[in-house]
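Quick setup: one chain, the form predicted alone, written in C-alpha cells, and binding and motion questions come after.
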C-alpha cells in the first residue's frame, strides 16, 4: 500500500503540486528519499525521523521509500518535511482519520516537532490557491500580509501535534492567539521630494511622463548636475503598490532572502556599476532573483551607467523588452518577472565635462566615442526618454512654481487609471502589445509627415518610432486627451531627441 500526501514545490515564482508518496516494503531497516532532492531536502528524512521519534512514533524494521513526485523536477527547498511526516504516520497507521481531499502541507520540522517556515512560503501559498488546494496546513509566519484568502482555508499550526489534532477533528488554536496578525498599512515616507529640487523643469516633466507610462529614461550630464537626485526622487511620484503587486514583490524578496522596509512602497534598486551579471540578472546554481527582478513594479537605477560592463548592460535587453528574465541551468529553467522603470545616469565623457561652459573637457575624441559606445545601440533603442542636463543656479527665480511629489503623483495615478480603462487590464502605454496600442492611435497626415521627418533626421529605428508613439499616448493621457495631439507628439519627439557627437566635430573643437 502507498500513502500519498500533497505539498507545493517552487520553480522560481511558479508553483506546482508535489505528491509525497510513502511506501513500506520488506527489507533492511532504512529510509530512501528519491525524486531529485537537493542537499537541503535530502536532510529532511533525518529531521522527520527525529520528529516522529520525539512524538512516540516507532518505526517498523523495514525499508521506507519516500518519493517526491514529479520525479523529473528538482526539489531545492526543505518545505516538504511536514507532508513527509504526515505521509509516514498515515502509512504506519498512526493517523486513523482520512486526510481531506485537496489538502496540502507546507513547512520544515525541527527535531522536537515544531513546524518552521522557509524561504518562499508566500509564493508557495499563492501557488497552492492556483492549484485548487482547499485546505492548507502551514506554520505561523509573522510577516505574512494576510491570514485568509478567498477559496482556500489556511490552517496555521505550530507543532506536528497541532496537525494531528486538526486531522482528528479537534479544534486548533485561532491564529490570532498566536500573535499572527494581518500586516497593517504603513504610511509611505519618502526621503526625496520634487519640491526640494531647484530648477530642472523639463526633467521633472519628463520623469512625470515616465512615471505615468512606465517609460525608461537616460539622463546625461556633467557631475553635480542633479542626475542622481532626480532619479532617487522618482519613487515619490509613483502610485503605491496594489495588493497583487505587493504579493509579487514580497514573494520575490522572500526567494532572494532580502528584507523590505515597507511592502506597500515601490521598490527602488540601485546596484553599483561593479555588480556582476549574476547579481544584476539573477542566477547561481539554484537560480535566485537578481536586481532586475527585485525592481519588479518599481525602479532600477543604474548610476554611472557607462561604467557597467557592456556585456552586463546587454543582458538587460530581454528583461526590458519582455518584462521577465529567463534563467536556464542544466536541470531547470526559471522565469522571474522584471517589469521595471529603467533610469540610467551617465556623464557625457570620461572626465564628465564635455559641453560644460564652466569646465574644459580634457578627453580626446577617441576616448569620448569609446566611452559613449559602452551603451550599445540595442540598449539605447529600448530607452524612451534621453535628456541632457545642465547645472542650475541655486539662487534662481524666487517666484518659480514648485509642486510637491504628492501633487504630481495624483496626476500620475489619474493617467494610469485612464490607461487601465483604455486597455481593460493592467497594461500601461510602455508595455501594452502593439496591436492594442494602435487601436484608436491613428495619426493625422501632418503628424505622420512630422514623425517621418524627425525619424530620417535622427535615424530612428522602427522600435524608437513606436516608443515615440507610446510616449505621445502617455502625454495625451496626462492632459486628458483621447487622441494624440500635435503638441503631445512634438513633446514626445523632443524627449527622444539626442545630439550625436561625432569624431569629426570633436576633432574640430
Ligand SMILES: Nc1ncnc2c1ncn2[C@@H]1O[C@H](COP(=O)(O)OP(=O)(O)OP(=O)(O)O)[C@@H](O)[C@H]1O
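Numbering follows the first chain given and starts at 1. Just so it is clear, the model here is predicted, and its values are computed rather than measured.
If you look for the form predicted together with this ligand, you will not find it shown, but the lines that follow are about it.
*Asks:* Please pick out the stretch from 121-129, 336-344, 91-99, 227-235 that is in contact with this ligand in the predicted complex, where contact means heavy atoms within 4.5 Å.
*Replies:* Among the listed stretches, the partner-contacting one is 227-235.
*Asks:* Is it the case that residue 296, even though its partner is missing from this view, gets within 4.5 Å of this ligand in the predicted complex, heavy atoms only?
*Replies:* No, residue 296 stays farther than 4.5 Å from this ligand in the predicted complex.
*Asks:* Taking this ligand as it sits in the predicted complex, is residue 394 in contact with it (heavy atom to heavy atom, 4.5 Å or less)?
*Replies:* Yes, residue 394 is a contact residue.
*Asks:* Examine residue 200 and determine whether its closest non-hydrogen atom to this ligand in the predicted complex is within 4.5 angstroms.
*Replies:* Yes.
*Asks:* Heavy atoms within 4.5 Å of this ligand in the predicted complex: does residue 223 have any?
*Replies:* Within the cut-off, so yes.
*Asks:* Please pick, from 304, 153, 321, 143, the one residue with any non-hydrogen atom lying within 4.5 angstroms of this ligand in the predicted complex.
*Replies:* Of the listed residues, the single hit is 304.
*Asks:* Counting only heavy atoms, which residues in 66-90 are within 4.5 Å of this ligand in the predicted complex?
*Replies:* Contacting residues: none.
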